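Next comes just one chain, in structure tokens: the form predicted alone.
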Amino acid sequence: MNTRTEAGPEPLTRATAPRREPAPALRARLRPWLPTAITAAALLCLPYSTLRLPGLFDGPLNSPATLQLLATCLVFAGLATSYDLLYGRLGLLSFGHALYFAAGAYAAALLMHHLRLPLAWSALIAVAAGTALAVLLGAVSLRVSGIALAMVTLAFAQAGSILIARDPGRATGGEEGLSLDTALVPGALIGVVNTVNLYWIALGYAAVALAVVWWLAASPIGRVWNGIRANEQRVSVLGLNPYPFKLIGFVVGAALASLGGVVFLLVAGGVTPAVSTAEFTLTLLVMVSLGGAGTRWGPVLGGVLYTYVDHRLVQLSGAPAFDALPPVLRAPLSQPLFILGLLFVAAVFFFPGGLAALPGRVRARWSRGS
């Protein structure tokens, strides 16, 4: 009878099994997404932090006032990303992007006011209406290009802004705008104690806008967009019709702007005609140019920075320190737009390419110096 005296090899268990290291190619593909993952984790955990940043915010990070300000910054970060889809990715200078933002906000507010639809249905129909409006106006506007496109989109935007301000049938509220009908909004989105939920919604909107733009930019459509931005005639010579590709970008950007309008209605608690003007679109252009047009993070940085500085300058303009200044300095410095204009001019001169290009410029200068 044979008996087995030697111990055989130990069976492989989860503890003893050799750990598989990720392939170098996989690690190389995941490495560029590491800053995105860290940023997303920091933003998700922010409402749980009691950290105080004196000089930047008036209270801790999880205070309602700070979360409200951050939610507004995130809404404009997503909106600037949607505008960058036209300006930075396609090279289309549109002065009518505010029209679709206002369409989303006003359509949702009107549906709740007059038809008594709940928030979810109002938001869905408002985004669909903003998208349909973009299909109609984009099909007409994109028949021209360059300055002519800017003028046509400006004309449509001005018509929409005048229509909202004239208050036809007392539907839009005129200069006073419309407030959010809280009776049709879930209780989790009402009240100061629920500001954190509005922050989550604004963060979700910014993430959706970024994901859509990044995914499209990396797709074959995005490569055609790059070609159109570089030389539209060359794309035509290669056998592709640029018109449908431009229309896709125009409609997607407008749909994201309409969704941003609905989120803005929730965060701000109402909407006024100021968001429908051409000046509002110019503000988006400044945000994108400040952060860096056509870059991954540039529109987000520009949107957040511009909104934050604008909010803080409005607060500082009423500070007692301004009253002690001579009238020659007090008058211009008390106007936030004047200071923002100076900052934008300084950024254009000293940081060409926007804030997103600043690290590369610093590394290039450092390598030349070493």
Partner chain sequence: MSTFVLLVVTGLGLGALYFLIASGLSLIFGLMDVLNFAHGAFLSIGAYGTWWAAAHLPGAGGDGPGFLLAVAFGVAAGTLAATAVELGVIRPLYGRHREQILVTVGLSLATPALLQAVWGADPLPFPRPELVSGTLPVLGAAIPRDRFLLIVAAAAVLLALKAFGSRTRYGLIVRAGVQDRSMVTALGIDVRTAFTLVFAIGGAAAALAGALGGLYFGVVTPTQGVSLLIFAFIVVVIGGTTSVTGCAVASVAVGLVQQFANYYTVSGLGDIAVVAVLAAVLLTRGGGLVVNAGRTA
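Just so you know, these numbers come straight off a predicted model, no measurement behind them. Numbering follows the first chain given and starts at 1.
In what follows, reference is made to the form predicted in complex with its partner chain, a form of this protein that is not presented.
Gly173 falls outside the set of residues with a heavy atom inside 4.5 Å of its partner chain in the model of the complex. Residue contact check for Ala132: none of its heavy atoms lie within 4.5 Å of its partner chain in the model of the complex. By the criterion of a heavy atom within 4.5 Å, Phe344 is counted among the residues contacting its partner chain in the model of the complex. Put simply, Phe245 is far from its partner chain in the model of the complex: not one heavy atom of it is within 4.5 Å.
With the partner removed from view, the residue among Leu238, Ala183, Val193, Ile147 that has a non-hydrogen atom within 4.5 Å of its partner chain in the model of the complex turns out to be Ile147.
Checked against its partner chain in the model of the complex, the residues Ala274, Ala188, Leu115, Leu163 give one hit for a heavy atom within 4.5 Å, which is Leu163. You can rule out all but one of 89-97, 206-214, 253-261, 173-181: in the model of the complex, only 89-97 has residues with a heavy atom within 4.5 Å of its partner chain.
Within 4.5 angstroms of its partner chain in the model of the complex, the stretch 150-176 places a non-hydrogen atom from each of Ala150, Met151, Val152, Leu154, Ala155, Phe156, Gln158, Ala159, Ile162, Leu163, Arg166, taken in sequence order.
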